[in-house]
Ligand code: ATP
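Shown next as C-alpha cells: one chain only, the form predicted alone.
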Amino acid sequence: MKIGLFGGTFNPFHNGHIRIIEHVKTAFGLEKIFLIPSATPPHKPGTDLAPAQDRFEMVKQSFKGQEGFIVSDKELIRKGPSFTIDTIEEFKKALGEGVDLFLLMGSDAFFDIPTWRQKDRIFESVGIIVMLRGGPKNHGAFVSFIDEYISKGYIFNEQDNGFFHEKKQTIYLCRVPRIDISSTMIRERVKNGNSIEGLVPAGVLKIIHEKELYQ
C-alpha cells in the first residue's frame, strides 16, 4: 500500500492544493493521502495565521465525502512545534508494516530542508515526492543541492524522475499543473474586500466569512 503525507499551514486551503495533490495521487498510484494541518509550524511565524482548528476544518470541509483523502489532526493534538520527523514516526507506528510512505512537498520546502529537525532521519524513513509547478525540471539544481546538503551517493534515474540511494529512500520529482492561486493571494484579496469565490472550496469560503478570518 502506498500512502502520501502532505502537511502545511493551509492558511487557507485552496483549489490549487486540491488539483495538485489529486495529480500526485494519480501519478504515483497512492491509495490515500493524509493532509496534516500544522498547529505551530516552526518555520512560519504566526503572522496572519488563522487558528489551527479553523484551518483544520477548512481542509476537512474541502474533502467531505471524498475517498482517498484523510485530514489528520495529529499535529493539532501534539504539544509543541510541528516537526515533520515526529509526524512521520507517528504515522509509521500507526500504519505498521507493509506501507510505503511518501512525504509530499513543494520545491521551496525541499530546498529549505537543511534547516529541518533531524533531516537525515527523514530521508531514511520515507520516500520524498517534490512537486514542481510547471516548466521543465532543473535536474542540475537538485543534483548539486542533494549532494551538498542531503547526502552523497544519490544517482538520478531519468526514466523514473527519481534520485536513488543505496541506504536512503528515493527522492522523486513530480511536475504538477501550474495553478496561479496562493494562500497569500487569497488572504490579500480578503483583506482588500475582493471576492475569493472560485479560488477556494465552498466550505472554506463559508468558514472564512463566518469566522471573519484574514480581515
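Residue positions are given as counts along the sequence shown, with the first one as 1. No experiment lies behind these values; they were computed from the predicted model shown.
Omitted here: the form predicted together with adenosine-5'-triphosphate (ATP). The next part is about that form.
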query: Contact label in the predicted complex: residue 25 to adenosine-5'-triphosphate (ATP), heavy atom within 4.5 Å; finding: no
query: Partner contact for residue 182 in the predicted complex: adenosine-5'-triphosphate (ATP), 4.5 angstroms, heavy atom; finding: yes
query: In the predicted complex, residue 20 touching adenosine-5'-triphosphate (ATP) (heavy atom, 4.5 Å); finding: yes
query: Proximity of residue 81 to adenosine-5'-triphosphate (ATP) in the predicted complex, heavy atoms at 4.5 Å; finding: no
query: Options 93-101, 106-114, 139-147, 69-77; stretch whose heavy atom lies within 4.5 Å of adenosine-5'-triphosphate (ATP) in the predicted complex; finding: 106-114
query: Candidate site 10, 133 and 187: all three near adenosine-5'-triphosphate (ATP) in the predicted complex by heavy atom within 4.5 Å; finding: yes
